[in-house]
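Two versions of one and the same chain are coming, encoded as structure tokens; call them structure 1 and structure 2.
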Structure 1
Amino acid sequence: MKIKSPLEVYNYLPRTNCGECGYDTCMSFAAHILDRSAKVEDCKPLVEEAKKDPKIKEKLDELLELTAPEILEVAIGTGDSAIKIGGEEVLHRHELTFFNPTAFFYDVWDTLDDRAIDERCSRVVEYRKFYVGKFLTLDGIAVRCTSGDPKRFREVVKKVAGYGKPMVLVSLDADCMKAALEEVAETRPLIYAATEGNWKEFLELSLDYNVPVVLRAKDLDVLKSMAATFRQAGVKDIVLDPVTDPLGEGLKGTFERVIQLRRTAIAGEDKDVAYPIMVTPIAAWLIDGDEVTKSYWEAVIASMFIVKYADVMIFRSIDQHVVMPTITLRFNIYTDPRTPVQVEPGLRPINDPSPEDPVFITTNFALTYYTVESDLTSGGIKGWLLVLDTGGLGVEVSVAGGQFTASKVKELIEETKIAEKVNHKILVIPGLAARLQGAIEDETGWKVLVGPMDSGRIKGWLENNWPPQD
């Protein structure tokens, strides 16, 4: 965004505090526009007045321009399944955050038989990995034309479209691409790719079918020139591919081109390159070696450019040793560093506990909570788990920082009414909170047992300590 102060945004708003945007005041709304939890278009009075008054329309357009992210946001697909890429504002996530996670597409090719296509598509659609309270999934399918046959490519694209995932259509042949778009243009696939040799045909396809397009060139001057041409012709949704080359020049050249594109765009120096960037880890399959070696390099390439600064990728391997580390890294990089990952505080019954079963306590830092919850559940331990609001901090940090205190434990016990659910007053605290044992006993009137440092040892600890001996 080109403006950083809520007051600057506020000066463009009606300043009536009508509340139609969902916020109490225009100033509050302005602050939410800056952190991107609200949109300018949510100001209904401003939008309605802009329809009647050209001066207000000019004012609205100026505000939209000033609050737009430096990198254009592009949608692939339609409706709830659409994937947004780009839309970034900073080079380093600690400066603000990264907003739209790198989109992962996994390829099928039209020389595969239908059974193999179904198998690969199903694996992409069904993949789910539970991590820190969320299910991590894969984004879409890239359909590659290797047959050179427009009819076959069209058939395969239609088949893949039935899986309901966003698609990237991969072919340098305009006839093949047109045949596919005639079938699935309404799903708004990303078409890949316009090059120096076919850009005129792909420009027409992008305009005729209103779909986003990838521009591909290793020479950044050529890439910029194509982008300017497409933009001036009326193509709004553009993605840049500076060519992933793990062979001739190695990854160093690719890395330098990606960095240069992103830095230039974020600095606002050149609108012609202010677009999302595509990197293709699938290029690793050009490297000599067996499939394990190729897939290893695919994961390496993906990991490099998830951090800097790929917005969309195409993969070949859907094996766990490639998918798991890359989607986990993506989740971590695109988690807002300003806000700890946390769960709702409260009470969680584990494994259908009875009134005789123990009461444990932990913090609402998501990684801590899900580790403890998993250890209890998988260990077959019946119990009650109190989750204390520490602002998303772990046990040791929150004890040291004053977020995990005896008084807050007392409040949690009272709010959850745990005393009404059990026939004892015994609380098991984490070993890292041992120093609070006496204070919690004095504050709550409960007997406090100090559990192990590691929740994975709770089962063995209970065998020796529960039920407690008087």
Structure 2
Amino acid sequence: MKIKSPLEVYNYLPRTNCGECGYDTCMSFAAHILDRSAKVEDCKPLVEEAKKDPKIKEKLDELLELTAPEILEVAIGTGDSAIKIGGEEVLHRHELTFFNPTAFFYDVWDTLDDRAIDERCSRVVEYRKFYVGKFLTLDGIAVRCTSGDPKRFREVVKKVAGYGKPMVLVSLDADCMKAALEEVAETRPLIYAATEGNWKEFLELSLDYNVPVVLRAKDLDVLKSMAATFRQAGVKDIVLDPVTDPLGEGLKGTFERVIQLRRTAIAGEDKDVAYPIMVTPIAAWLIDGDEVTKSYWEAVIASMFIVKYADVMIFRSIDQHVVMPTITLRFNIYTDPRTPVQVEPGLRPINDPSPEDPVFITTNFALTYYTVESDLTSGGIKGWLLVLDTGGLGVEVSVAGGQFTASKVKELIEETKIAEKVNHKILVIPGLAARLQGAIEDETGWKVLVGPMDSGRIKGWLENNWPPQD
């Protein structure tokens, strides 16, 4: 976004402090536009006035342009499952935050038999990984035309569309692509790819069917030329693929091209390359070796470019040793660093506990809390969970750093009145807080048991340690 201070935004607003946007003052609204927690269009008076007065319309458009993200935001798919890519503002997440997590598409191809296609699609659609209080899922399916047959491609694309996920359609052949688009254009797939060889046909397709398009070229002069040409011809939704070379100096070149594209777009203000970037970890499957080697290298390439600027990716492997690390890394990198990931401290009864049930304690770091809470809940364990305010730090770090202390545990026990809810005075502390055992006993007068290092093992631990023997 070109504007850097709320005052600049404020000057475009009605300055009436009407509050219709949900903020008390126009200045407050301006500040929220700047950090992208509010949209210009939320200012109803401005939007309404612009409909009547061309001068105000001009002002509104100017403000929209000045507050547009540095990198174009492109939507793939429609309805609830639609995803947005791009829309980024900064090169380093601590400068603000990264906005739209890299979208993950998983590969099927039209020479697979129908059963295998269904099997892969189902795995993508059904994938779930619990993390920080919710289930992470996968974004979409990439359908490749390996048959060279427009009819078959169309048939398979139709079948895959039935799974309701956003799609990337992969074919360099305009006839095949056209056949597929006739079937599913209204689901707004991303089409892959226009190249130096086929760009005219693909330009026509993206205009005719109004779908986002990937431009593919290793030579960044050519890539920029294509982007400028498509833009001028009226294509709005462009994605750039600077070609993922999976190995050696080829991969080194890809690293350089991706970084140069994004850096030149943001720091160099080159609007002709300010588009989302596609990286294709699937190219790792071109290297030689067994499946483990290929899939490991696929995860490596993906990780590199989740950290460095890829907005959309195509994967081959749906195996956990590829999906789990990449989906977790994506979450970590795209977590907003401005808001600490923590939950309310206090007392949480788990599975309707009785006074005989154990009392556990953990920290208010969201990840720690949700991990412990879900382990207890899904393990069918009844108990009382004390959540200590460590300022959003995990157990190990807060014990070392002095945010998890005996005196704070004592305060929490008093505040939550836990002693009135149970008929014992026994506290189970995390294994990673073992060194506080004595101090907590001295401070609180409670008996302290050291639980396992990982809350996933609480169930087994309780079998041996609860109820306590003495």
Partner chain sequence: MVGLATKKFTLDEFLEILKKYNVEELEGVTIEGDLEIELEGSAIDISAFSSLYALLSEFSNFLYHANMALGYMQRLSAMLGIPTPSIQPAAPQVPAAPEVPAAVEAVPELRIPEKLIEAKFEPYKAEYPASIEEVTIGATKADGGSRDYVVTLGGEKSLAFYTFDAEQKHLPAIAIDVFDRKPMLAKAVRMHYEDVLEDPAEWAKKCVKKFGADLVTLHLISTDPLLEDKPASEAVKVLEDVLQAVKCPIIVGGSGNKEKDPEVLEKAAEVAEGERIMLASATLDMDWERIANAAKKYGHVVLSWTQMDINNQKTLNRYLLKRVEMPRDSIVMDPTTAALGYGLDYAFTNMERIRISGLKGDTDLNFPISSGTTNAWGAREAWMIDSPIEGDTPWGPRELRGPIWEIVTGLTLSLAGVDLFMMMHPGAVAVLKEVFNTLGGRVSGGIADPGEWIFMEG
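Model, not experiment: these values are computed from the prediction. By rigid core we mean the largest C-alpha set that fits within 1.5 Å across both forms. Structure 1 provides the reference sequence; residues are numbered from 1 along it.
**Student:** Between 1 and 2, where do we have the form predicted together with its partner chain?
**Tutor:** Here the form predicted together with its partner chain corresponds to structure 2.
**Student:** Taking 2 Å as the cut-off, check whether the CA of residue 360 shifts that much or more between structure 1 and structure 2 after a rigid core fit.
**Tutor:** The answer is yes, as the C-alpha of residue 360 shifts between structure 1 and structure 2 by 2 Å or more after core alignment.
**Student:** With both forms fit on the core, is the shift of the CA atom of residue 390 between structure 1 and structure 2 2 Å or larger?
**Tutor:** Comparing the forms between structure 1 and structure 2, which are aligned on their rigid core, residue 390 does shift its C-alpha by 2 Å or more.
**Student:** If the two forms are fitted on the core, does residue 435 show a Cα displacement reaching 2 angstroms between structure 1 and structure 2?
**Tutor:** Yes, the C-alpha moves 2 Å or more.
**Student:** By how many angstrom does residue 409 shift at its CA between structure 1 and structure 2 when the core is held fixed?
**Tutor:** In the core superposition between structure 1 and structure 2, the C-alpha of residue 409 moves 8.1 Å.
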